[in-house]
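We begin with a single chain expressed as structure tokens, specifically the form predicted alone.
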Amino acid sequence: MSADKRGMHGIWGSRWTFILAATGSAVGLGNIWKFPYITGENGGGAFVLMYLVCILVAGVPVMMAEVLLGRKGRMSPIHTMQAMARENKAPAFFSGIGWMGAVSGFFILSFYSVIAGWTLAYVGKMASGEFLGATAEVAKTSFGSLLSDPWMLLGLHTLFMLMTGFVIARGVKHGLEDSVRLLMPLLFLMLILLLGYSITTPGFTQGWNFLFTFDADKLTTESIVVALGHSFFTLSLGMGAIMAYGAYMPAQASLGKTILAVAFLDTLVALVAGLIIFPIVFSHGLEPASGPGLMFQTLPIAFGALPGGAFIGTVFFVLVVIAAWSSAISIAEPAVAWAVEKGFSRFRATFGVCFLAWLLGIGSVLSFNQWAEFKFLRGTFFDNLDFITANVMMPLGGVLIAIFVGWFMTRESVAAEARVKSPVLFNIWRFMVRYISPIAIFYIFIEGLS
């Protein structure tokens, strides 16, 4: 592996910068939008406990393996896996892990930007006082009007993609690193402010009990599969983002401590988001199992009924925008890094990737209005992109990463890169990445296809 490729993208300033960056990648709409509503749909505390177990069993081992590959390769996921497959004499198809991750991330960016655009719209809606005293019908009509307007969705999609491209084009040091140093502390500050408010609501105890009271009767096979799937996807695994960020990680940092810190912060954000959302929901007698509409149709009613609700709601949606922005940046990075390695300038690489993702995203924009009735395979254009990435490409990538690190890389090579000081902990992790994680993720894969 040539020296110029090893250093062409730059290195994070410190281990904590990587932790903030990886947490920013992991913390996104999945934590603040998806986690609360799937918790509501799957019975609360029992689901949360299973989710935490799955983070440790499936998420953390694979995340450590993916970062390890990135740091050892020091290139984009595409070129890293090509080099690693040759170096470890693995079957040729393992070199495709990087391509699958980059393409998966590209597809996700195209529709993630569309959904993130909704959060930009709701910052404006909350700030304008649109939901003050709003009824359920008003909230539903407002959301429906947004989705039915393709030009509005296209404008929001364009704005969010420009925000993402602006950061990536500035490079690792002045773009990615500077952004996470600003965005992540701001995200944590907003979470603390909103949690402080949530504690004062009459529904806080009920919300706490809902999240943390274990009721085995509410735990179903389906909810275990959902917990396993979300624990994997919330850490941004299998899409190349974490491998790309691992390539910029300082060589001397211990992977074990670093990955545990990222998993802890990511999980903490999801739980705090639940402690913010559910007390507000319960305080107003709303339904916690409201599904995907929880954030866009249920919460605005609650915010509209609160004293100072317009301000609190605006802060909440700014928080969601920041979380989505930090994730989108990481999702685009693998494809941009590959283009830079092929000889394009950082600006041209960013423009090309973001423009093509924006173009593909038009299909998702139209899926909610003009093309809503046009369905094939798994549903709309958006439904199919979501399915192929979340149910096929990401879990398949995760299984292959675990198998490659666990079975094709030598123990000595893995140990030297992981820098785990405790032999016992290293052996536990290696056992999990060789046996437990692949089986668990393959189970998600099979269930997701059914």
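Predicted model, so just to flag it, every value in this text is computed and none were measured. We call the rigid core the largest set of C-alpha positions that still match within 1.5 Å between the two forms. We number the residues from 1 along the sequence you see.
If you look for the form predicted together with phenylalanine (PHE), you will not find it shown, but the lines that follow are about it.
- The three marked residues, Ser25, Leu29 and Met394, each reach phenylalanine (PHE) in the model of the complex, with a heavy atom inside 4.5 Å.
- Among Thr350, Thr234, Ser110, Ser367, the residue placing a heavy atom within 4.5 Å of phenylalanine (PHE) in the model of the complex is Thr234.
- A single residue from the set Thr267, Ser327, Thr164, Thr298 has any heavy atom within 4.5 angstroms of phenylalanine (PHE) in the model of the complex; that residue is Ser327.
- Only one listed stretch (128 to 136, 306 to 314, 247 to 255, 328 to 336) carries heavy atoms within 4.5 Å of phenylalanine (PHE) in the model of the complex, and that stretch is 328 to 336.
- Taking the partner from elsewhere, Met239 is found to have a heavy atom lying within 4.5 Å of phenylalanine (PHE) in the model of the complex.
- A movement of the C-alpha atom of Gly229 reaching 2 angstroms or beyond is seen between this form and the one not shown when the two forms are aligned on their rigid core.
- In the core-superposed comparison between this form and the one not shown, Ile38 has its Cα shifted by at least 2 Å.
- Residue displacement note: Ala270 has its CA displaced by at least 2 Å between this form and the one not shown (rigid core superposed).
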